[in-house]
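Single chain ahead, by itself, as structure tokens, in the form predicted alone.
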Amino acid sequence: MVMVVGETSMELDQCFQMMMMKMEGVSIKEWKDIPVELLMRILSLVDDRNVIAASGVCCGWRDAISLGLTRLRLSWCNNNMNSLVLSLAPKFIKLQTLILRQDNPQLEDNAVEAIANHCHELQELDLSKSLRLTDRSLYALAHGCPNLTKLNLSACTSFSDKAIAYLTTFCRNLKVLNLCGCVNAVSDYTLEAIGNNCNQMQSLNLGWCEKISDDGVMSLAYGCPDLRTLDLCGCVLITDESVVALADWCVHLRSLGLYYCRNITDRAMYSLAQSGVKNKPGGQWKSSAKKSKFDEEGLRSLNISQCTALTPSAVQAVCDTFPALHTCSGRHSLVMSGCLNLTSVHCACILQAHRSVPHSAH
């Protein structure tokens, strides 16, 4: 820690000199003379390790940082992250964003409980790869951090579906939720709870949550009409019914991942295409301005890799309906890996490129 403080002193001194060069007529000769607003501005120029070290310099700095710091990232901490969170949570009570992504699982329930007990204004929390956490953490967050809007729990394999459902009854402002790989935590019961409680949901990652079926996805579609991004990769039980429900109810859907959903057939593709036609302004494009607006609002990303039951005509209908879907090199927003029978599907760029090539005289 001594080395960190030493490095911090050097970096802060450099920032101090830079700031003083830009200020004239202000009597600031030492660090202790710096106003709180200026201190926070200087600290915004250094990394989070230095901010933490600076908070231990004196009581004045500690109090200023405690009240002024709203964002903290601790993913750089490869050892003793749990102890670090336990010591920092009571200090940084105004945090709105906290990133605790780990390469090696370190966090335990008591650290998350400390966050819930002190950081009541938290809006964004990343706990991805926290393999040691249990339902205790989610129950604590439900009561202590009801203002959460963005939560990343990807690869947290010890949570139950009941705990996730409980969390949604308190954190009703959730808009972004990543549950990728949370096999035990995501079931139809979970999706029903999200649909009932989190009506503002815009982005949901359910990748490799193999327990969910059409019933869960339909509950989600009915309850979350503002859904923009949904990843269902590896959800092997879902069928066309799920996609039909999403096409009918989630009119703002921009990105849909169906990788390895091998029960998906042409019916799902045609339902997406029909929803696009239905939601076009005036039923058709009447001006370039309207076309541009629809390009921006329509489906922009679709992954149907390994969906081997699909035929070229159905996928081409989707591609034709949504101009933002591309198959051309460098812009692959329509991903069809492993679907050898779909090689003839092309986006509008192919036709435009063909028209631009001058034809030689015969």
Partner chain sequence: MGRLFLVNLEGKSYSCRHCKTSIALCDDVVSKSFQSRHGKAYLFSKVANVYAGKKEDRMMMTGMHTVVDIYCVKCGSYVGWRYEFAFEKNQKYKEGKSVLERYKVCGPDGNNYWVAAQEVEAGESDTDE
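Positions refer to the first chain, counted from 1. What you are looking at is a predicted structure, and each value in this text was computed from that prediction instead of being measured.
What follows is about the form predicted in complex with its partner chain, which we do not show.
Exactly one of the stretches 47-55, 62-70, 312-320, 297-305 approaches its partner chain in the model of the complex with heavy atoms within 4.5 Å, and it is 297-305. Using a 4.5 angstroms threshold between heavy atoms, residue 336 counts as touching its partner chain in the model of the complex. Looking at residue 121, you'd find every heavy atom of it more than 4.5 angstroms from its partner chain in the model of the complex. Of the heavy atoms in residue 210, some are within 4.5 Å of its partner chain in the model of the complex. Looking at residue 262, you'd find a heavy atom of it within 4.5 angstroms of its partner chain in the model of the complex. Only one of the listed residues (101, 136, 278, 172) places a non-hydrogen atom within 4.5 angstroms of its partner chain in the model of the complex, and that residue is 101. Of all the residues from 311-332, the single one having a non-hydrogen atom no more than 4.5 Å from its partner chain in the model of the complex is 332.
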